[in-house]
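Have a look below at one chain only, the form predicted alone, in structure tokens format.
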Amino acid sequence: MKVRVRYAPSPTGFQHIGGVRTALFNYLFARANGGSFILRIEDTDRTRYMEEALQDIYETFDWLGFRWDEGPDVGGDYGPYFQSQRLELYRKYARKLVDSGNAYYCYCSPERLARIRKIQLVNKMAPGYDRHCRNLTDDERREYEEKGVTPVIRFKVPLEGKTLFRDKLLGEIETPNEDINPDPVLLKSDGFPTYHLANVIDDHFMEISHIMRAQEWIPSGPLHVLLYRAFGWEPPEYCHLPMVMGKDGQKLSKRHGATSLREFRHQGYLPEALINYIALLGWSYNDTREIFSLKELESIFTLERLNKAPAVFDYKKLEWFNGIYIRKKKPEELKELILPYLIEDGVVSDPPTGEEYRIIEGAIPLIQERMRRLTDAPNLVRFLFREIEEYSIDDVIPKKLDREKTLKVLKAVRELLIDFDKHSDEDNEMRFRELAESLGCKLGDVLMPLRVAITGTRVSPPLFGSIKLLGLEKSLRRVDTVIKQLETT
């Protein structure tokens, strides 16, 4: 059996972590088995359709760096790949179900359905359609039609027995038919299909071999299996993927942080890091290895290594991955990646001047090891482009020193700075160590006031490199400013 898998998003919102994880697992499974990965756009919900959401699908996967073999934008032998362009197919096969006695026309008005829901709610009854039109006589149907009532088509769920399907991850899943949504609508009165009908028909005619989707879709499994049986078709193999949860055990949502791919992208995450991390949400290779390129994942991915338990999304872990991939970047590539963030933050001009480019290039080796996200760059280099308007005396004074001692340290440090450029980093470190020893201080207590004077903060790129990049003249001027502030406040 040739492996054919699909990702079938609805363009009603932006791509989120859970959906992208599903797409990635389908893609990797196809690549690992020499199969095909298909994109199908389930756009029959016209009231919630967003053109921007459709474009977001294309842009997300362009950015992530993996694409489908068949789809609306690339074509294929099983199209069209927009469900809205397949309406006649759905209508034809919905009528076939009616003709075979597996479905029926329902003429219930929205008002009647609302009354039924209210009665069920008040009486604490199970929700669902009461099958009022399931056994209408020909005369009763004719009466509705003469009144101009446009019916929907409902599926006849068996009233007794059980429905079983096998999941490659979870094993056999058996559901009493009485627990399945009673007689759901397959074709709406406007001629558009519901998810269940379109999904089954498309998967059959697109020859989908495996359906890999989140476990939240398990309840629809029995209904889909019944539909396959009613059509006389063999269902694909199912594999319901573990859910992606927040640390509180609830389904990942905006309350946990960013969830859409455009948010992660804007926050400075790299596509390589996201793919690597997302691949490990519910799947693992072994207990020792975590870093994988997309190419490596394409060759080693198997369903047997999926976990049954929900995956917990850890933003700190993702930052760790992102830092690793940032450190792998060549300086020129990293420069181009951080430029949009520097421009957006107003740190440099748009476009940057030649001098700004020079400073950025010099700063890359200083900040690359300290970055976890691309958005870290503006704060790490701002001191190189902007004067520090105000210093915090609390930051300047180390915890183990008082104001007078700090003032004495800074004045002594200034003397060492005068010929700073004449010495190597190793020599300068030795000189500052000797100064600290002569002042009866630790090296950190000597360097901290200087770091704050140069960069405006206690956390910064390497100090000596920062001084050289900033220039001795500016560095001395900033030290003088802090000395004056300590003397006058």
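Quick caveat: nothing in here was measured; it's all calculated off a predicted structure. Just so we're on the same page, rigid core means the largest C-alpha set that superposes within 1.5 Å between forms. Start at 1 and count along the sequence shown; that's the residue number.
Form predicted in complex with the RNA: not shown, discussed below.
**Q** Any of the heavy atoms of residue 376 lying within 4.5 Å of the RNA in the predicted complex?
**A** Judged by the heavy-atom cut-off of 4.5 Å, residue 376 is well away from the RNA in the predicted complex.
**Q** Quick check on residue 372: any heavy atom within 4.5 Å of the RNA in the predicted complex?
**A** Within the cut-off, so yes.
**Q** Quick one: is residue 463 in contact with the RNA in the predicted complex, heavy atoms, 4.5 Å cut-off?
**A** Yes, contact at 4.5 Å.
**Q** In the predicted complex, does residue 217 have a heavy atom within 4.5 Å of the RNA?
**A** Because a heavy atom of residue 217 falls inside 4.5 Å of the RNA in the predicted complex, the answer is yes.
**Q** So which of 416, 312, 136, 258 reaches within 4.5 angstroms of the RNA in the predicted complex, heavy atom to heavy atom?
**A** Here the answer is residue option 312.
**Q** Which of 295, 316, 330, 147 has a heavy atom within 4.5 Å of the RNA in the predicted complex?
**A** The residue in contact is 316.
**Q** Whether 267, 355 and 456 jointly form a contact site for the RNA in the predicted complex is the question; each needs a heavy atom within 4.5 Å.
**A** Per the other structure, none of 267, 355 and 456 touch the RNA.
**Q** Sort through 330-338, 284-292, 355-363, 408-416 and report the only stretch with a non-hydrogen atom within 4.5 Å of the RNA in the predicted complex.
**A** The contacting stretch here is 284-292.
**Q** In the predicted complex, which residues of 114-129 put a heavy atom within 4.5 Å of the RNA?
**A** The stretch 114-129, when checked against the RNA in the predicted complex, contributes 117, 124, 126, 127, 128 at the 4.5 Å heavy-atom cut-off.
**Q** Given a core-based superposition, decide whether the C-alpha of residue 426 shifts by 2 Å or more between the shown form and the other one.
**A** The answer is yes, as the C-alpha of residue 426 shifts between the shown form and the other one by 2 Å or more after core alignment.
**Q** Look at residue 48 and decide if its Cα position differs by 2 Å or more between the shown form and the other one after superposing on the rigid core.
**A** It does not reach a 2 Å shift.
**Q** My question is whether residue 452 is one of the residues whose C-alpha shifts by 2 Å or more between the shown form and the other one, given a fit on the rigid core.
**A** Yes, residue 452 moves 2 Å or more.
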